[in-house]
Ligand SMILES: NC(=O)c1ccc[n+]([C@@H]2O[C@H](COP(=O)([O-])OP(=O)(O)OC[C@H]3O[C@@H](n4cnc5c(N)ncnc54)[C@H](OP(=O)(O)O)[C@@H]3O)[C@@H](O)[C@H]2O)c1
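Next up is one chain by itself, shown in structure tokens, the form predicted on its own.
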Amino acid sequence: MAIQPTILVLGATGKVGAQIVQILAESKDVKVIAGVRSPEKAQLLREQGIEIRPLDLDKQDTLKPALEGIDRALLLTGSTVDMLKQSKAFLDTAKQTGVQHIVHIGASSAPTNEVAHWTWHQYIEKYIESLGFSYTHLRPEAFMKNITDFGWLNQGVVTNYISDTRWSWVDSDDLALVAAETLRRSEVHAGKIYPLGYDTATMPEVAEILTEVIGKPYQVENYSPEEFLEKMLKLGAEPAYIHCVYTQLKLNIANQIPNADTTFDNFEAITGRQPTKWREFVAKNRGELSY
């Protein structure tokens, strides 16, 4: 019997990371280990028999114990400029401990150098390659879940900071499925860069879809990128990162981000399924999106 490869998933108590762990645990052909910053939040994973290893990207002494005996790893960082030093420390340690394959969740493939956090992710990709890892780079476009995670939806009102700009969108559930599959079958997906965006919509069109699918009226309230920046800074958002998003919003409105609404046809080949479109997303998240 072949030895099961061992996979470490970072952010295993977060929304995407937790889904990836579940998918891999159910596949039965790999051993999945959950890397968590707060082990006390991982009780559900323990109850499912999943091994937990403490791993805090800001505490380098946690990296080596977490990476010992790992064959493949998911690199998923928070949205701060610290992702650069965190990723370098993680990757250096992964190389020392013999990790073979890295799946990195990055950001948009849009060809611009103006949005700094997209560039940070591209530097990380190049560092992965420079160390000689087998790799798969995932580049998700805008997440459909941002409508709730960023507070853009409140009691039938869709907050719009991008005017009539059309974005390419991806369901975070689809990202989790792609990440799990590229970790599980690393030999098939080695050396690949996968942009992930499968439906396009403006924010007014999103409001129309919500109205039609849920059967209640949704309206749009328009705000400027400057208002977005002011609000997020008051809420305590990390300044360097949130200025990146602010820049992106301004460029979107000015139509200065090439291919902002490009969609891709790789999902079925990777997963064997069709990607989620906005109507399906609203239907399956009706309880959370309704009011």
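From a predicted model like this one, the values you see are computed outputs, not experimental measurements. We number the residues from 1 along the sequence you see.
One more form of this protein should be noted, the form predicted together with the named molecule, which is absent from this view; the next part is about it.
*Asks:* Going by heavy atoms within 4.5 Å, which of 94-102, 77-85, 211-219, 183-191 lines up against the named molecule in the model of the complex?
*Replies:* Looking at the other structure, the answer is 77-85.
*Asks:* Please determine whether E141 contacts the named molecule in the model of the complex, using a 4.5 Å cut-off between heavy atoms.
*Replies:* Yes, E141 sits close enough to the named molecule in the model of the complex that at least one of its heavy atoms falls within 4.5 Å.
*Asks:* If we define contact as a non-hydrogen atom of the residue within 4.5 angstroms of the partner, is D56 a contact of the named molecule in the model of the complex?
*Replies:* Answer yes; at least one heavy atom of D56 falls within 4.5 Å of the named molecule in the model of the complex.
*Asks:* So in the model of the complex, does R37 come within 4.5 Å of the named molecule, heavy atom to heavy atom?
*Replies:* Although the named molecule is absent here, R37 would touch it in the model of the complex, with heavy atoms inside 4.5 Å.
*Asks:* Using a 4.5 Å heavy atom cut-off, state whether I270 contacts the named molecule in the model of the complex.
*Replies:* Contact with the named molecule, no.
*Asks:* Can you tell me which bits of 5-24 touch the named molecule in the model of the complex, meaning any heavy atom within 4.5 Å?
*Replies:* Stretch hits, in order: G11, A12, T13, G14, K15, V16, G17.
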